[in-house]
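Structure 1 and structure 2 below are two forms of the same protein chain, each written out on its own as structure tokens.
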Structure 1
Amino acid sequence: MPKTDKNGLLKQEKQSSKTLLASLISIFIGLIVGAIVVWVVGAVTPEITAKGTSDGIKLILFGLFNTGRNASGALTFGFNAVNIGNMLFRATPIILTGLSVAIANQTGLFNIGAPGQYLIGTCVSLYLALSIPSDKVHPVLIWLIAFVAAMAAGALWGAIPGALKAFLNMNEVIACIMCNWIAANVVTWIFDESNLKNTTEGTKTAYIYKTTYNNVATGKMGLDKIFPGSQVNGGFFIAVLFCIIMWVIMSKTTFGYQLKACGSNRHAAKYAGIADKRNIVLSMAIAGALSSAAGALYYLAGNTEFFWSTYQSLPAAGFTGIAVALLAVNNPLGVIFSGSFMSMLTVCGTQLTYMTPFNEYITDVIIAVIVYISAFSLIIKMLLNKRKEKQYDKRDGGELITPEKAQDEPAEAAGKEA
């Protein structure tokens, strides 16, 4: 038990601070790469001025606090309520998809099916929110029905690859990828046949109505007072609540322990009397429900429109969830922060589109680099450990240079001797 074992606990704390450091290093490298890309592109493109390039780099780093330009055309920075509110609004879905991927990861499953589950949640919630008549049923009740039904549908959708993995031993990554594309086509099919397509605004093709068309929208819960003019709503609190609930379940209950045990060693868990197949299906169902909740919360907000002809592309929120989970090292509470950080990058990206010759796709480049670097987290942690050991050696006064070490760092050892 970690609580009684003081040394164990200390070790754990040290390990988690190293994990945090590793995440910060990935962020740092991601931002640097983003800045380098902007710099190089700015340097080789004749139409982009040096000022445009430097503005681009500034916005990547501090775009959240950008308040426009002053009279002389220079960027100004300060508290920007709209940007921060929008950041929280956009963080809501990716915190939940991140949570979904994190829970699946904790149970040893790679939930690359988050985009598909997100689409299923979007579809079910929008369909119900728009087709239940709001003059007969109270809008709040419609909201609740839509949200719960979306989560239930997502749980079922997520359980499919889970069941395939548990009972047929199919690779869940492939099963999830196929489910994603099936979901993309099914959702497009459903809306293509529905009468929810936005026909009143003639210029819009392939969008369906906003939920406000049927008077359904997520409550603001006072957040519109703090961040006036932004899209933020109470959905953020719901996402945070889910994170806390999942943290309690995963780290404080027997059920959570069973899920994690199946993840670390399925056969050992089975030997210990845990129903491994049931648990694999359940953890994918939970992950599916969470990703669906993400889609539902984003579109039930009422101020977002859904592009229904989505059969050729998958929603980015699903894939960003993978980045959010990896950056938070699968910690359910950590995803709140990593999700907010990723959505800050998105806000910076939109600033970049409006204010400079660059565009918002640099955000996705940065996120991709962060995911790439977090695949190295093991190496980074090992390097950090190595450095710590060296520091301890110095503090003890004596330098233990084993033959191995001397071979590893001949130059350094030589320098110290001299």
Structure 2
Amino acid sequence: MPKTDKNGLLKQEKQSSKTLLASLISIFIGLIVGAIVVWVVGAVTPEITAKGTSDGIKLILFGLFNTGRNASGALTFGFNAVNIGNMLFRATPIILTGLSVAIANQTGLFNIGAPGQYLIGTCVSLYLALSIPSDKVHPVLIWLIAFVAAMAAGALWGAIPGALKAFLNMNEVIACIMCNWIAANVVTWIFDESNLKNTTEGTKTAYIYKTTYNNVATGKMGLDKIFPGSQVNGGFFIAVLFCIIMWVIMSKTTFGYQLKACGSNRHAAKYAGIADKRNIVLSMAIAGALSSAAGALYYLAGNTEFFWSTYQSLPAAGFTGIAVALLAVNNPLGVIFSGSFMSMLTVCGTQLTYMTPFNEYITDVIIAVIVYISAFSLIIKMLLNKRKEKQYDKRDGGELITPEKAQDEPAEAAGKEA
């Protein structure tokens, strides 16, 4: 391997380590700020005692391992199968929406359309899963049909803003926002006209049946043995598998290189012979398929009923994916950990609400701080790298030379001497 290639690899590894360090620092600062917020709120609220404040800080930091209170009323901590299993279940959709946003970001696009794509995947998967009779078709086959169809529908929905960007040069953010609300109203209309509404329980007429209604639900894949009593299922493994596949595609294949090249400079990529329009559409189609997979896995699990009046709001998982991607710095493997961390904060917020006088909105403050610090730390890292790379050499009359050029100079000098 040439010397410059080794230097390039070393530089890439250093950049990756700096990026990981920046994300870890952001998480640490966010948790510390969250603990400070809990302390301040406890200090200014007369109803909250010092013990309540202390418990709130403990739950923010270690709520995932909370096992309740002992006879004296003190919090106890240890392996909590329910909390950890529920964390993995809730992490599944935001890992996939985070992956969707991350892949689009790597290709120079901002996929703020993840909520609409999430809804499309939810609609198609539930409609097929509940409409195909499970007494005539095997439930596993129904699940596969519903999941694959949901991803295909999401790919088509994501391709719409991609096509508008590629062929009409329309800003993808505007196109995605319009598609979000179109999806919300279309999904509401489809379920409103369907016979899938839960009519067996009088208070739940605005909800769709769970997939357990006809025994079509995501398999546990043995996770129910490790985390008994929780909602976890094999969907988490599927989400992790997608992250690994997308990392391989984006890092190790020509197709991934072409997608990133179009994102870096569309016109230069086109000049180099890369089909820029096709790759823009494909990028958004992949992002749409991943977001739809998130919705499908969440509701095919059979744990949660879907509220069909979606025109009133958009799913939070789609927007949380933006924070997940930012915290992972658009790394498909990093999305697994950042998505799990965000899910952990949600579980900790639930513990905080039920076991202390605090409310769950403190976790939203923590997430906001983490995202903000992540963006700020990336800016600092970028400025530091730029300052380090540019070295002023007076010997060359003030020419700006990079470390790579400085390393190549001895080889050039040796060639001249020869």
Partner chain sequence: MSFLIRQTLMFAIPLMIVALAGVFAERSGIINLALEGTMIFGAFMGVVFCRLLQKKGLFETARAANNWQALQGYLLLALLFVALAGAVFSLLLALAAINFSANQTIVGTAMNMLAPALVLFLVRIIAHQNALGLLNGGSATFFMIKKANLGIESEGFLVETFINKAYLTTYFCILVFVILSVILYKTKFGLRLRACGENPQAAASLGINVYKMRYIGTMISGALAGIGGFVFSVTSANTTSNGEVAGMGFLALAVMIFGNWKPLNIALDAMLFGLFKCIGASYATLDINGDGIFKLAEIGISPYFYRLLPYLITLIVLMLTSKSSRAPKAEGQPYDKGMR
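None of these values were measured; they are calculated from a predicted model. What we label the rigid core is the largest C-alpha set whose atoms superpose within 1.5 Å from one form to the other. All residue numbers here follow the sequence of structure 1, with the first residue given the number 1.
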Quiz item: So which is it, 1 or 2, that shows the form predicted in complex with its partner chain?
Solution: 1
Quiz item: Just one of 289, 183, 319, 85 is at a hinge of the rigid motion between the two structures, so which is it?
Solution: 85
Practice problem: Would you kindly give the rotation angle of the smaller rigid part between the two structures, in degrees? | Solution: 11
Exercise. Would you mind giving the Cα movement of residue 53 between the two structures in Å, after fitting on the rigid core?
Key: 4.3
